[in-house]
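Form predicted alone, single chain, as structure tokens, below.
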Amino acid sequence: MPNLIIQAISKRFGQTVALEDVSLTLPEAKLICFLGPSGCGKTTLLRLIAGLEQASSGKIFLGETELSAIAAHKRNIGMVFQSFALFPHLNVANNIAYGLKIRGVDKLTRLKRAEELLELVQLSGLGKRHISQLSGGQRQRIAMARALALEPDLFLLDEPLSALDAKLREAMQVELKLLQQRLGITTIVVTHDQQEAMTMADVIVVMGENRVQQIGAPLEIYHKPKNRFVADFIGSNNFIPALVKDTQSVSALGSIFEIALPKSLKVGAQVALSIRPEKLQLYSSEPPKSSKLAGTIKFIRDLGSTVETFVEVAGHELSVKGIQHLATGDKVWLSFDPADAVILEV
């Protein structure tokens, strides 16, 4: 199955810029998430791939085939919309087989394919039920089965789990990933849910301000964000203002930290240390470590599986996650491994 290549794609609606100069090469047979806040252009990009919108400039290729000259219904792309868009007057099997009927496939073959797909999405035996008799999770699976009936080259899903309750959504994240692995089909999921993207994706495309901010594996995106936007959007984070002292150290909140710095940074440059809450260690007494900060506990939030502690350090609030036995008002120390801090330009 060929790679999907997006070359300098831009999209404008009148004077409104929806996408600006987006270029991507997406791997075959992987689950890819377009992740970003509302209005960042991720659904517009998905619709451009599907052929439901036309780009203002740029090209999209599936392998060596340019898609822009091919009508949406001829691109052999399966798509699941946020609303599922199932036909209420048709039963489950006929919903799944509808695309095959349009293509002139005979009834026996259509129904056989529908049964195969019902088994694939773990809903065997429900072919004669009407859509109104299904739960939200079952409808979501039927929408996926219908999109897969035509054996598409690409499988596109626009926030397919957003209408489900939290527990069912988490279960379906796993089911969707397992389904993609069984089929080996290139799948693109649009979502604004960071946990959803981290759970399902082989590759995450972080989008913001109508362009791609970073592309990479989930753990790479999480631990090595390229800029402040990505570091702030993916998970929770601490941003400590700092000043470059020399080629191997920064000054932050009244302390000096020995840390590897990009060669592009000059002495005196203002930067931010990005440190995940779980990478900070909390101590009730001063630890024998060089990278440390003194502070006061301002608030403690028990999250069940962990405890989030907010510590004020030199007028700056930092979040720490871990199991602690401390109280509001306690004087504490924070420490971290410099290798866990990411230097971000301001």
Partner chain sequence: MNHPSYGKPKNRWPYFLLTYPAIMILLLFFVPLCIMFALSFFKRIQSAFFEPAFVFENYVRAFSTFFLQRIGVSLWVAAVAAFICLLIAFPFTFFLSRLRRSRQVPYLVLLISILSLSEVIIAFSWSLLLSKTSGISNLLVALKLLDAPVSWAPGFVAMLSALVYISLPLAIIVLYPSLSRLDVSLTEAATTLGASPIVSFFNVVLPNVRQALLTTFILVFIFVLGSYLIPQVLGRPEHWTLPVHITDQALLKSNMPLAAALAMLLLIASAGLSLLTLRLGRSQL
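Positions refer to the first chain, counted from 1. Computed from a predicted structure; not experimentally measured.
We do not show the form predicted together with the partner chain, though everything after this point is about it.
- In the predicted bound form, no heavy atom of Tyr222 sits within 4.5 Å of the partner chain.
- The partner chain in the predicted bound form comes within 4.5 Å of a heavy atom belonging to Tyr98.
- Residue contact check for Ile300: none of its heavy atoms lie within 4.5 Å of the partner chain in the predicted bound form.
- Not displayed here, the partner chain is approached by His89 to within 4.5 Å at the level of heavy atoms in the predicted bound form.
- When contacts are defined as a non-hydrogen atom within 4.5 Å, all of Arg47, Ala72 and Ile102 contact the partner chain in the predicted bound form.
- Stretch-level contact analysis of 209-217, 121-129, 72-80, 223-231 against the partner chain in the predicted bound form, using heavy atoms and a 4.5 Å limit, identifies 72-80.
- Only one of the listed residues (Leu111, Leu150, Leu253, Val203) places a non-hydrogen atom within 4.5 angstroms of the partner chain in the predicted bound form, and that residue is Leu150.
- Scanning Ala260, Val267, Leu178, Ala85 against the partner chain in the predicted bound form with a 4.5 Å heavy atom cut-off leaves one residue, Ala85.
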